[in-house]
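Given as structure tokens, the chain that follows is alone and in the form predicted on its own.
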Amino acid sequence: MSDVSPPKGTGPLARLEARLAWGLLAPTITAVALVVILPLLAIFWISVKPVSLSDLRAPEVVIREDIRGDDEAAGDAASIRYRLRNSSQDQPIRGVTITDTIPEGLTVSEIDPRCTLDGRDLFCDMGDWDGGFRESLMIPVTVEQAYLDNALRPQDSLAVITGRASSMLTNGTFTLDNFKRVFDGDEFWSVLWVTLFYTVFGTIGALLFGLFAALLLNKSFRGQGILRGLYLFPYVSPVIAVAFAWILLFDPFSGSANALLIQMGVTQEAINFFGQRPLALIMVTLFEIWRYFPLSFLFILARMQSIDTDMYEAADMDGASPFQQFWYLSVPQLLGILSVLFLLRFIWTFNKFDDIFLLTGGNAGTRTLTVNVYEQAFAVSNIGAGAAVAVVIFGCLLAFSFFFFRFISQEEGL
């Protein structure tokens, strides 16, 4: 019996279909490249550049022009002043030139050696400027009646500036000092430990609470829809609103939680929940669990409601306890969705910034890698070091994803 297999040729029709497929995918590929790949490559590029916040703009000549002295009557002596400076404190600007037009009615009485005057066209070759260069260029002039009659003043005509400067973002200077700064000392490892604690316990806690909520609401009863809606409240509420609600609730001076604990005799003095170690880290982790368990609850409940109820009825007739039914029947059916949720929640929690920043600002032992990115890039103004920490975060998540997909069972749908 002959073996029948589909044709594998690359005829004109197949090539036409391939071109059509690539044409349909082109917008998606372009969007992914613009939104995901290009910013990622930019972060890798900046991580090996000695870039500070002030280096995001290329060095440029900053010029301010005005007239100094008496210019009230014909014959008065005045000076056109150009205040010049290099906008960068470190990077030089080469071949700086200034071209300007002297207003009608002002006669130049003396010219700077670096400048030439052709009619009313002023040209100055200022040479090379080092970083932080500042100078005032004075052009003495004599006021004539024509200047008083017209409304044109020196600052009304914009001077044309030329010069060559290399941007720290685009030049060929590279360094590994950003990564050395990240890994030097014990600070990085303590921040990494805080990040892992927050991520692992926040992810597992959100899954467990979501599973527990799904078990509670998997049965039909009066008010079930309202209760499901209330369960979604933490997830759909604005993060800034719920974060400040927690801050007010656990405030050591006027918070309801402290007042209740003191009245119940649990503690004799107010507890600074978000201001002392290690309680602050535990509190932000609990906030993460409380805020994001509804997402797990929704997915798990949807999966539980799709499970055939016949096997539960058979297990019940065989005398299986509710726990045995859950462990031997429900859990195997939920492993796939639990695995997907664990992967997504781990990645999202590892990248979480706004929750911790709103609750503690990264203080009291709650400084995670994402908060470290913000502090390095904007608080310390070291964009390169911030990008290096972002690359470390990318590496950690890449390693986690590799091991997750390497060891997860294919039977769980991944």
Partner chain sequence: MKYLRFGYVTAPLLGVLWTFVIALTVAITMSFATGSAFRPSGLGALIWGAGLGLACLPGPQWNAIVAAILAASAALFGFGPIVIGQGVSALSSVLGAGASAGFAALGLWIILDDVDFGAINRHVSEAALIKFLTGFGYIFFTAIVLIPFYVMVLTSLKNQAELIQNPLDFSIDLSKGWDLFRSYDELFRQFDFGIYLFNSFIISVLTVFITLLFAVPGAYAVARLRFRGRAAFSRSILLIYMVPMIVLALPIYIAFSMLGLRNSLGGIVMIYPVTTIPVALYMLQGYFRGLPAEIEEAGLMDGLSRLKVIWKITLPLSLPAMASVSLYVFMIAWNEFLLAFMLLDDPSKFTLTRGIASLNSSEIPRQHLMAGSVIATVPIMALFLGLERFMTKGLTAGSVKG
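Between two forms, the rigid core is the largest collection of C-alphas that superpose within 1.5 Å. All values reported here derive from a predicted model rather than from experimental measurement. Positions refer to the first chain, counted from 1.
In what follows, reference is made to the form predicted together with its partner chain, a form of this protein that is not presented.
- Shown here without its partner, the chain carries Phe123, Pro140 and Leu148, none of which come within 4.5 Å of its partner chain in the model of the complex through any heavy atom.
- Between 94 to 102, 274 to 282, 220 to 228, 192 to 200, the stretch whose residues reach within 4.5 angstroms of its partner chain in the model of the complex through a non-hydrogen atom is 220 to 228.
- A heavy atom within 4.5 Å of its partner chain in the model of the complex is found for exactly one of Val331, Val160, Leu176, Met264: Met264.
- Taking a 4.5 Å heavy atom cutoff to its partner chain in the model of the complex, the contact residue among Thr107, Thr116, Ser254, Thr309 is Ser254.
- Its partner chain in the model of the complex is approached by Asp316, whose closest heavy atom lies within 4.5 angstroms of it.
- Residue contact check for Ala399: none of its heavy atoms lie within 4.5 Å of its partner chain in the model of the complex.
- Not displayed here, its partner chain is approached by Arg303 to within 4.5 Å at the level of heavy atoms in the model of the complex.
- Although the partner is absent here, Pro322 lies within 4.5 Å of its partner chain in the model of the complex, judged by heavy atoms.
- Within 4.5 angstroms of its partner chain in the model of the complex, the stretch 30 to 56 places a non-hydrogen atom from each of Ala31, Val32, Val35, Val36, Pro39, Leu40, Ala42, Ile43, Ile46, Leu53, Leu56, taken in sequence order.
- The Cα shift for Gly395 between the shown form and the other one, taken after rigid core superposition, is smaller than 2 angstroms.
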